[in-house]
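Here we start with a single chain on its own, the form predicted on its own, put down as structure tokens.
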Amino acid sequence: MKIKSQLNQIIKDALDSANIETKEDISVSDATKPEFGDYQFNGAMKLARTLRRNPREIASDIIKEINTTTLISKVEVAGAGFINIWIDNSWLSKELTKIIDDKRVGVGVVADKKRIVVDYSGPNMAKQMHVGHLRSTIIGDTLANLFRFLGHDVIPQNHIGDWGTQFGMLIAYLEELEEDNNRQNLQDLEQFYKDAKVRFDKSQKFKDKAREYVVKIQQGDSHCLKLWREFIDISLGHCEEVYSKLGVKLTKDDVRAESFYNPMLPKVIDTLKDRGMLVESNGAKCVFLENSNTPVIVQKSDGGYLYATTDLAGLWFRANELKVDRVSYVVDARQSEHFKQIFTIAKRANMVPDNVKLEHIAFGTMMDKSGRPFKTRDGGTVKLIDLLDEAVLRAKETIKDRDSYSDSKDLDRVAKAIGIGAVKYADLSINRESNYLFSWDKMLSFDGNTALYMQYAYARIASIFRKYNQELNGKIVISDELEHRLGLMILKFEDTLLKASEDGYPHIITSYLYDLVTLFMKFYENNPILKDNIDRDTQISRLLLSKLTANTIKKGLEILGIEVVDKI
């Protein structure tokens, strides 16, 4: 339900009726307190500057023309010229009743459908995924879920590094292991890489072979390509295990590796040359941008290419072959300057049309309690799969004494949903641009803005319906302030998702869910549902409002990639 767009149209019609012309971008916003109404309009103060009139007088002229027969029950001028707006209870009741059994909980499909690439995760092929890959993976997957749910055509892309000198060393070592029938080393990619590097440093013969294999890969040698593909498949297998635990939807079909763009790199250089953008500096081919002292090198003096060249090829391919409208790179904030440069070059060189939106979905670092980047006790990187396994174990300890689970499998299922959900929600609940402190105690708390708080609210509603256990027919009738606020919050779901998708901020969704659940808990405490002393129509209405709340929580968490549970 796009309430804001309806209110903005009502305000626009009122301005027209009051003969007030404006080119200002003015719109309603959520009220900050219940006593200020449900929404506020502060445009009168903006108009006062251009019209040179008192803002309260302008606001008074506007409210005289506002239609209060359907959506709006009351408007009033407040303060220096605010217009407070209250939504009508009858309208709320009718709209909520309409969506009781709607799987989309009242959220429509966008009229302006876009084709969007979401580039995320990007694991290293020679190493197992570590905590440094967590944020890109879950933020990216959430945005892909969100865009897809709103009706956009989403193309997930997992950009992996699978090209370069290190792969000669790795496949030469893989070949030796296969000759010795010793594949056990590949269970731990970190150790495999270290062992290959030791072999490379100690044996000149092995070093020469590794370098020879690099050339052979590039020349398309069938034997070396077979080993290279085998190693990539093994590496991706480790990634898929992590994706499965996380509930992330990336597959091998979504991989778009560096090697894919390799044939396009000469074309990038030719395009930049044709546009007159290339400058040779110490034998390297570069692009110089205004307000930057550092050139963007696109080809080294020895003819080799760089990350910038590959990313420019990727942008060209996505804009011209995939025909996208938007490209979202979910990558560490430390790469901000890099993306700013390649976006500028791609647009200036006409590799990407002006109407294609290019954005860097930047994110901060996950920190430990001391405020330092998250590491193991000995200073090493924390493997992501170990972190997820620990989350499930800790979740099991948190809930094992709270309810009687039918069997150990039931407990394991709930613990996984809670543990994985806790890790994901803790990350998604903060502004992605911020660093955040990783805390097991905080993320597995039943209080505050946590996944467990959301899951517990859903489980509480499920328990209500287990106790009620009857057919549920009727309608929602909003009759008090708490019901009004809860019902309105449910109808704000679509506006919330649209806002989150606009700039790629998942924390807008988590903030909404926290407000929704907090309101429901107040409603639950103050509005009896199953007690015998309430009339049948009121009971049905409150049950239906509870059902809609549960449906909204479930859909919101589903977009975040988090499961709900029926009991905790």
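In this text, the rigid core denotes the largest set of C-alpha atoms whose superposition between the two forms falls within 1.5 Å. Remember, it's a predicted structure, so these values are computed and weren't measured experimentally. Numbering starts at 1 and runs along the sequence shown.
Omitted here: the form predicted in complex with ligand ARG. The next part is about that form.
Asker: Out of 450 to 458, 139 to 147, 334 to 342, 244 to 252, where are the residues with a heavy atom within 4.5 Å of ligand ARG in the predicted complex?
Answerer: The contacting stretch here is 334 to 342.
Asker: Is there any non-hydrogen atom of His159 lying within 4.5 Å of ligand ARG in the predicted complex?
Answerer: Close contact exists here: in the predicted complex, His159 approaches ligand ARG to within 4.5 Å, heavy atoms only.
Asker: With a cut-off of 4.5 Å between heavy atoms, is Gly106 one of the residues that contacts ligand ARG in the predicted complex?
Answerer: Gly106: no contact with ligand ARG in the predicted complex.
Asker: Is Arg394 a contact residue for ligand ARG in the predicted complex, using a 4.5 Å heavy atom cut-off?
Answerer: No, no contact at 4.5 Å.
Asker: With the partner left out of view, is His133 within 4.5 angstroms of ligand ARG in the predicted complex by any non-hydrogen atom?
Answerer: Although ligand ARG is absent here, His133 would touch it in the predicted complex, with heavy atoms inside 4.5 Å.
Asker: On the criterion of a non-hydrogen atom at 4.5 angstroms or closer, are Asp119, Gly122 and Tyr307 all touching ligand ARG in the predicted complex?
Answerer: Yes, the whole trio is in contact, each within 4.5 Å by some heavy atom.
Asker: Select from the listed residues Phe167, Phe493, Tyr425, Tyr329 the one whose heavy atoms reach within 4.5 Å of ligand ARG in the predicted complex.
Answerer: Comparing distances to ligand ARG in the predicted complex, the residue within 4.5 Å is Tyr329.
Asker: After the core is matched up, is the C-alpha of Thr450 off by 2 Å or more between the shown form and the other one?
Answerer: Comparing the forms between the shown form and the other one, which are aligned on their rigid core, Thr450 does not shift its C-alpha by 2 Å or more.
Asker: Tell me, please, whether between the shown form and the other one the C-alpha of Leu358 is shifted by 2 Å or more, with the rigid core used for superposition.
Answerer: No, shifts by less than 2 Å.
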